Each structure stands twice: as structure tokens, then as C-alpha cells.
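Below you will find one chain, with nothing else, as C-alpha cells; this is the form predicted alone, and questions on how it binds or moves follow later.
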Amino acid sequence: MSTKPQTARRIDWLPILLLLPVGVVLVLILIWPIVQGISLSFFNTRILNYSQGKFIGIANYNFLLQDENFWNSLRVTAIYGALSMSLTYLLGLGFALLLNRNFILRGFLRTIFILPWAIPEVVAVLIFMWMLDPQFGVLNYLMVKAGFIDRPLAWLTQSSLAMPALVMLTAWQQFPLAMLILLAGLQTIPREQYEAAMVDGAGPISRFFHVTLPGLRPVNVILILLLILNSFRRVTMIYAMTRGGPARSTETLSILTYNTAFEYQKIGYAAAVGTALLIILLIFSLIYFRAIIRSRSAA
């Protein structure tokens, strides 16, 4: 019985060579900073004596678990994420349902509603700081004239009002993203389902709960997780508006990491907080990618 000699399998180096520059760039600007940040969390170091850091093992993590500021920031992040996600989703859903109908100037309104998403976060903060100003703010003026309040409110200097103001700003700036995603989801729902529901005598509310929401389920999962991820990693908007105050009422984990590193000069502990935030984001990212795979398989 003769056997044919097995030829060695040739390796196609062209794809590897084409991907090599991208891989090197990713390692330099993504992987290496993450590794550096995690390694810094095991040192007691400051900006001024960065090269003289002392290895302290997991002491930063032990302190993190006992730090009231960390647990407060985690609670603030959860509240901010839940409120901003809910308001953003409701606004996006409302405008998506409106723009899904056929009427005059629908294309023009779509363009107008997308504008808040195109505005830079710092510019959006300046706009809202003017609107919320206790003396000259248009929001206080309208609320006083309408009789909702007796005197202007100091939105950004009161702990009970700073978070609602931040949530309003976030929802205003982010709802176009939710609107576009939900509008795309609405347009994938077959018209026949609505016609069958109307034949069965279902009204608008019944059609919304039994046809629209089930049809948006795959989109909803992805959108909600995406909004939560954005709230966890948001820095510029919160820092420009409140800097985490007043009295740490808006200090999310991202702001705590920034303040600890650059205001309190505790680079090692800030790296530990950032590593904890990274783990949380990785968990939500895994859930996000799993949701995407499920939605694709369901489609």
C-alpha cells in the first residue's frame, strides 16, 4: 500500500503583513496604556515623583474597598446611568415614533433632531449652564412665570438639583442616537403585523404594547447597554458642568479617577479606581456583544 507524501501547508503571509501595522498601532495606543494603568495600581506613586513609586501590592485595592468616596461614586454612576438611559430612551422612542409616520417636512425634522448629537459636549454644557443660570437662565424664568416655582433655582450648586440638571443635559445630547437606532428598528417591523392587529380590533395603545415593543426587543437590548456604557465612561460633560460636585453628588467613577489622579496627585490609587471601572465596563461589553450576537441570530 503506497502512501502519498503529505505536502507542508503553506502559510499565506499577505493578510498577516497587511494587519501587522494595525496590530502594532493597537498595541501601542490601546493595549500598552491599559497594561501600564493596571501595573500602576500596585504602586504608591504621585505625578511629581512618578519614577520613584513604591510597590505596595494590593494595598490600593484594599483601600478602595473601604473608601466611602469609591462606593459613593459607584452609587452615583449607577443612578446617573439609570436616569440618563431612561430619559434618553423615552425621548428617542417618542421622536422615533413621530418620525416613523409620513407627513410633510419629515426629512427636515429628522435633520433638526439630529443636531444636538452633532454639538460638541463642551458647547452643550455651556448652553445648559446659561439656561440653568439662577439669574439669567431661561429655564428658571419660564418656570417662575408658569408658577411651578416661587424663585429661581441654583441648579448647579445644590446637591439635589445637580444630578437632574446633568441628566437633562445628557438626555438632550444623546437622544438623537437613540432616536436613529429606534427609528431603524421601527422600520424593520412588518406592516402586516399592524394590519393584522387592526383587523383583530386592537387600538393604538394595544398595537404599541403587542406589536411595536416586541418588534423593538433586539434593538432595545443593544441600545440600553450602549447608553449604559456611555454613562460609565463619560468624563468631559460631567467635569465641564459640575466637576463632580457639589459635595460629590455628581462624582461618577470616571470623574473620581480623574480627580484622584490630577487634583489629589494619587496616580497609583487613581489607577486602581480606573482598573475597577475597566472591569465593570468589560462586563457590560461582554453583555453588549452577546446581545448583538443574539439579535443577529434571531434575525
Partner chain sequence: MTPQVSAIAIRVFWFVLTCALAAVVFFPYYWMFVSSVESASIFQWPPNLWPKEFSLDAYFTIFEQRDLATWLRNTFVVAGCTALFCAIISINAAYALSRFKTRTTGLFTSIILFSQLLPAALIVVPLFVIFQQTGLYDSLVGLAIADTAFILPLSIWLLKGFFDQIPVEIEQQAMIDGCSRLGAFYRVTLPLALPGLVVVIAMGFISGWDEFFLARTLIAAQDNWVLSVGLTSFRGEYTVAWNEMMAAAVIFAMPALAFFMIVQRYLVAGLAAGAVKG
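Fair warning: this is a prediction, and the values are worked out from it, not measured in the lab. We call the rigid core whatever largest set of C-alpha positions still superposes within 1.5 Å between the two forms. Numbering follows the first chain given and starts at 1.
Another form exists, predicted together with the partner chain; not displayed. Remarks below refer to it.
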{"query": "Non-hydrogen atom within 4.5 angstroms of the partner chain in the predicted bound form for each of Pro120, Phe262 and Thr275", "finding": "yes"}
{"query": "Single option in Val167, Ile224, Ile181, Val76 placed near the partner chain in the predicted bound form, where near means a heavy atom within 4.5 Å", "finding": "Ile181"}
{"query": "Exercise: Gln36 in contact with the partner chain in the predicted bound form, heavy atom 4.5 Å", "finding": "yes"}
{"query": "Phe128: touches the partner chain in the predicted bound form, heavy atom cutoff 4.5 angstroms", "finding": "yes"}
{"query": "The partner chain contact at Trp71 in the predicted bound form, heavy atom, 4.5 Å", "finding": "no"}
{"query": "Non-hydrogen atom contact Gly185 with the partner chain in the predicted bound form at 4.5 angstroms", "finding": "yes"}
{"query": "Sequence-ordered list of residues in 99-121 near the partner chain in the predicted bound form, where near means a heavy atom within 4.5 Å", "finding": "Leu99, Arg101, Asn102, Phe103, Ile104, Leu105, Leu109, Arg110, Thr111, Ile112, Phe113, Ile114, Leu115, Pro116, Trp117, Ala118, Ile119, Pro120"}
{"query": "After fitting the core, Leu28 CA displacement of 2 Å or more between the shown form and the other one", "finding": "yes"}
{"query": "Did Leu281 shift 2 Å or more between the shown form and the other one, C-alpha, core superposed", "finding": "no"}
